[in-house]
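We begin with a single chain expressed as structure tokens, specifically the form predicted alone.
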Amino acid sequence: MGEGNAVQRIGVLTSGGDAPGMNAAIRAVVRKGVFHGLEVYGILHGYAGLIRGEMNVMDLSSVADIIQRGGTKLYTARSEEFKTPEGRAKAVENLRQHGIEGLVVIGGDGSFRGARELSHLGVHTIGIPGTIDNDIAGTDYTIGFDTAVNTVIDAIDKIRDTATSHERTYVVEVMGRDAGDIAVIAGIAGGAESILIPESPFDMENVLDKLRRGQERGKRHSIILVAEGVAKGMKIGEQIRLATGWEVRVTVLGHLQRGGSPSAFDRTLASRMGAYAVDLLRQGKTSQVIGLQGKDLVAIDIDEALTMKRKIDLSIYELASILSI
């Protein structure tokens, strides 16, 4: 056992939806662990792979040349079996057979619930928030969010070019599940005329009035950004077409938003969180989630993180509305 380490062997897995920057986090866990004399196992296919015993020792070369890659080197999967006591018992037995005492789980709230269950069974667990949705309470940013926003902005810029050329209204549907963060930040940065999000009720008549006012002053194209958690882009597009008679095009960006090389911000955030997770395990901590608050990393109890009410910064949403008059 390395000097000062409360654990000797740790594992790392990615679970749920993939997010750009997960590989950077995996790299940090492995290299920080090796630096401190720990043996690090990579677990494939999330909790499903943990149940099947799909795990291998990782060394410095295992994580070479992955910091710039999107997706996850360890792959990810959802597991219904892990939701059962029998499935979790298999997972714990596999960890014990390999002598793994601590586990870093990179994912969203569903992944953290799994980590909490493992901690109740005696496994030291630390969660790292990795999801493009930015919907985890207790952290200002999740790994992958910044990259996803930049992907959406790039798409909006391209769509605006063709919207201008053809003098059309475009509706763009973005991801975010029940969170409107991607829509708000990409909307204000991309100059969208209207942004529809789950956290703030919208009146379709207000959206239509803004479009009509724009046309009256000579504006021939508009972009409406719709978060998937509030409405379907096709439905909004059809409502606008029926109310105005204008030609409306709808773009659903979908899983395009999950891919791509992670931004510098996401690479740095993931690296910091991965290294911090190892430090927490070395200290004997368990059942905690890492968050970024301001410039500082913090460790929050998993139960608190899962019950804490997450809030979106509506002041940015209001500013976007003002700037798009």
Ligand code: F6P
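Quick caveat, the model's predicted, so the values are computed rather than measured. One-based numbering along the sequence shown.
We do not show the form predicted together with 6-O-phosphono-beta-D-fructofuranose (F6P), though everything after this point is about it.
Look at 110-118, 81-89, 199-207, 171-179: in the predicted complex, residues with non-hydrogen atoms within 4.5 angstroms of 6-O-phosphono-beta-D-fructofuranose (F6P) sit in 171-179. Shown without its partner, this chain lists R31, R258, R282, H45 as candidates; in the predicted complex, only R258 has a non-hydrogen atom within 4.5 angstroms of 6-O-phosphono-beta-D-fructofuranose (F6P). Exactly one listed residue, out of S194, T131, T139, T151, brings a non-hydrogen atom to within 4.5 Å of 6-O-phosphono-beta-D-fructofuranose (F6P) in the predicted complex: T131. At a distance threshold of 4.5 angstroms between non-hydrogen atoms, E101 is out of contact with 6-O-phosphono-beta-D-fructofuranose (F6P) in the predicted complex.
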